[in-house]
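Next up is one chain by itself, shown in structure tokens, the form predicted on its own.
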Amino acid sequence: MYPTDDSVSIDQLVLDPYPIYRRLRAEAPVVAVPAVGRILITKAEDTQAIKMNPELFSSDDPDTPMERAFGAKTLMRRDGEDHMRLRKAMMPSMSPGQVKRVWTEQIEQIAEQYIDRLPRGEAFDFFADFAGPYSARCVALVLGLPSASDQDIQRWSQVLIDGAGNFGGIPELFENTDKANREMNDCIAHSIKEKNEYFEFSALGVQTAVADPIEYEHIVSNIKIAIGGGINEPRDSITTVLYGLLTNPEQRDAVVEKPELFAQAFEEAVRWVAPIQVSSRRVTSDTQVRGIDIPQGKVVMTVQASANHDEEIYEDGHMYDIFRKNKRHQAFGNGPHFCMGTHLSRRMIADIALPMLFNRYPKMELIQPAEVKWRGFGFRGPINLPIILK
């Protein structure tokens, strides 16, 4: 049977999980951690194999706090045709073609507007003043929620993230999700009624404006999933990219000289610190991982954050290096639940925001890197980034 590690706490995983994952990869790559109620899987080969086998490893985790937080069983907890029916309903709004044809020009305008209002020559928090609001406005546009403020979108996202990760069952966190769900329900209903000029292309539009739409409650839960997971990915990836580049001057100089390297800078950032760190899967029949028995009904947690540092694949995986030879990673997942917003995030960050920022301010500086705080077990990134634009 699988071993158990009682020494790992949720607080440790939130503050700095990487030393723990490094130890587990070496000593116990398949191990139960009572603090999270899951069997952690930390090696890249295993995490990928699990994600690619949904028949044996189901996304329907019955004990996840996500359903309680979102007030619904979302597409993230569904499998097979049930999952694909809900996924396909929203997918056209974020397809590569739709992002290129419809959203790129709008995102460029948002980036320019939000960069224009940043202070020059004085310290400010890039996380709070740009990364969060920029991600919120772009996601609000693509989802079809233009009336939602940047503050509301960010707050809803964080509340849903906190609730979905509330493995300790803290009542206050679920009270916050209940309030946010009521507000989001009202906003979604209002947006459907007051369709803006881009509504037909948005996630809300493509789900409601078809001859045979999916059920309304699924439309709502799809939008909430995109709010909960759609803000942190571009927000945390751009702050992670900037931290990586600005603490490695030779890499910063390389992207300034060759902007085509921004794509590599982005991919290396999400490998280095995966915005979505873990995923749960329920075992549908008795099986083994690395020769260790896992009975039917147990829930494993694939740790893509750990897989992206696996020593068998990456040399010095704990380092940020845009020149890394092996550029593949599992930050966007594998299999049928591969992140739907991948193309949108790449366009927002690698193609638009980063080139625009460094074109204007090639000598921007990160102030006191040691003061940057990283947080998160399920979702992770810097929660502050003090910068001076030069």
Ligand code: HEM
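The first residue of the sequence shown is number 1, and the count goes up from there. The model shown is predicted, which means the values in this text are computed figures rather than measured ones.
Beyond what is shown, the protein has a form predicted together with the ligand; the following relates to that form.
The listed set I322, A69, I41, L344 contains one residue whose heavy atoms approach the ligand in the model of the complex to within 4.5 Å, identified as L344. Note on contacts: among M364, A32, A350, M340, the single residue with a heavy atom within 4.5 Å of the ligand in the model of the complex is M340. Remark: of stretches 144-152, 160-168, 73-81, 290-298, the one touching the ligand in the model of the complex is 73-81 (heavy atom within 4.5 Å). Contact with the ligand in the model of the complex holds for none of R252, G381 and I387, as no heavy atom of theirs lies within 4.5 Å. Taking the partner from the other structure, the ligand in the model of the complex has a heavy atom within 4.5 Å of a heavy atom of F266. When the ligand is considered in the model of the complex, A180 lies well away from it, no heavy atom lying within 4.5 Å.
None of the heavy atoms of F358 is located within 4.5 Å of the ligand in the model of the complex. Proximity of L246 to the ligand in the model of the complex falls outside the 4.5 Å heavy atom cutoff. Applying a 4.5 Å heavy atom cutoff to the ligand in the model of the complex picks out M94 as the lone residue from 93-129.
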